[in-house]
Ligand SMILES: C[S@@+](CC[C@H](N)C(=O)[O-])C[C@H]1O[C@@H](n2cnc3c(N)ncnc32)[C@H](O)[C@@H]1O
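Just the one chain here, the form predicted alone, laid out as structure tokens.
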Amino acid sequence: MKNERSTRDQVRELLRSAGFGLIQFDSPLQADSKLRIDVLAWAADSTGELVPWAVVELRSGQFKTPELTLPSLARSRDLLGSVDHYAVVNRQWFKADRGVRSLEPVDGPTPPPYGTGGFLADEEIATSLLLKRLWREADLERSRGVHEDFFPSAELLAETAIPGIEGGSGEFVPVRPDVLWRARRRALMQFSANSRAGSDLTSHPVIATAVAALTGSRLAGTVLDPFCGTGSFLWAAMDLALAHEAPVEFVGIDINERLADLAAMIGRTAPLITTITHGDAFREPLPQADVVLAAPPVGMHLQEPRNLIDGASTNDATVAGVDLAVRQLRPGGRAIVHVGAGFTFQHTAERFRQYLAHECRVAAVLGLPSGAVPGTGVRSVLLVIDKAEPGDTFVAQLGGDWETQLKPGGAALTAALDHLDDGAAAG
């Protein structure tokens, strides 16, 4: 083990000295493959994009025939398009010819021809680099006695003078800004999904994309999320806005300062205007919006009663959250709210439900089984509410295949959108 570590250290140092800034050990040959490359080094191509450049196979001990590495080197070349291929046998370097058919002894790796610059454009790699950093910090916190409540601080995803990712060993990988923005979102979502502390702090990715899709033809103007967490609803809606070249501004607020800071950090590099702040949406002034996306707190009671738009008051954070979403809508706007299923039948919300039915268009109600609200076992619903004349409601109760049903092109999502668009056109 000690000899293996020293060999890896030597390989890393020689590659760095040659000008390779991004060096990966035990990298998967493909995203879904169990085959791994001992060492993969990235370098800039003629366009300035970081690409897989050098592949290194490591062998030690009684291994004496470097040519036995040629099949794996050739496979790496064919799948990755890598340029240089090496075998390091007991710390002796060998370089393959262009056809990867033979090897010749060399002193070390050949410096890449286009220098040490370049920006990473591979979103999968950028996401994996960020995830490694997040989990490294989580492990460090656990070593300090923090076991269950660790969630990354905004500093881990902070902007740098040059867009990129700082590694744990002092290396820095420049990343194309649009790629970095998406990778930050994905890394945070994947970390949350697999972290005991974060699983109940962010929305399920399928829910986020479905909530964004349900904006339909109303996606324009100002989009508000008063309980934005790390911003998953906002980012999914932004993807749609970018795809349709819609002029949209995004506003978010969250009572959890760490989550708000993380969302704000991601928002600073977003391609559309984004403002995210820390605060209590029930107390802070909020803008009027054309679209409101919200997942109010589940099972929480407010310390003070909140007056509702129907004249009543409530301590139920879910009812108050739906009320807030409707209040902030401009005429003709749309709210998509993810709430616990209790909102649809609990007696304490009956008067407010009646108000919505008579004063707004409750355009869709999509029932979901347990599992759609991370960190809880409650059933939930997606409500689509238009600030418009009352009309027909699309109702569906989804089962265990709810993720398939709500993905782009899924049967339930497609049917709901057909109803929403027809209703909007009729209105």
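In case it trips you up, residue 1 is the first one in the sequence shown, and so on. Keep in mind that what you see is a predicted model, and the values were worked out from it rather than measured.
FYI, the form predicted together with the ligand isn't displayed, but the following is about it.
- Though the ligand is absent from this view, in the predicted complex it lies within 4.5 Å of a heavy atom of just one residue from 112, 321, 164, 229, which is 229.
- With the partner removed from view, the residue among 297, 342, 108, 221 that has a non-hydrogen atom within 4.5 Å of the ligand in the predicted complex turns out to be 297.
- Although the partner is absent here, residue 279 is a contact residue: one of its heavy atoms lies within 4.5 angstroms of the ligand in the predicted complex.
- The closest non-hydrogen atom of residue 254 lies within 4.5 Å of the ligand in the predicted complex.
- Contact check for residue 274: every heavy atom lies farther than 4.5 Å from the ligand in the predicted complex.
- Within 4.5 Å of any heavy atom of the ligand in the predicted complex lies no heavy atom of residue 127.
- Of the candidate stretches 237-245, 127-135, 96-104, 279-287, only 279-287 has residues whose heavy atoms lie within 4.5 Å of the ligand in the predicted complex.
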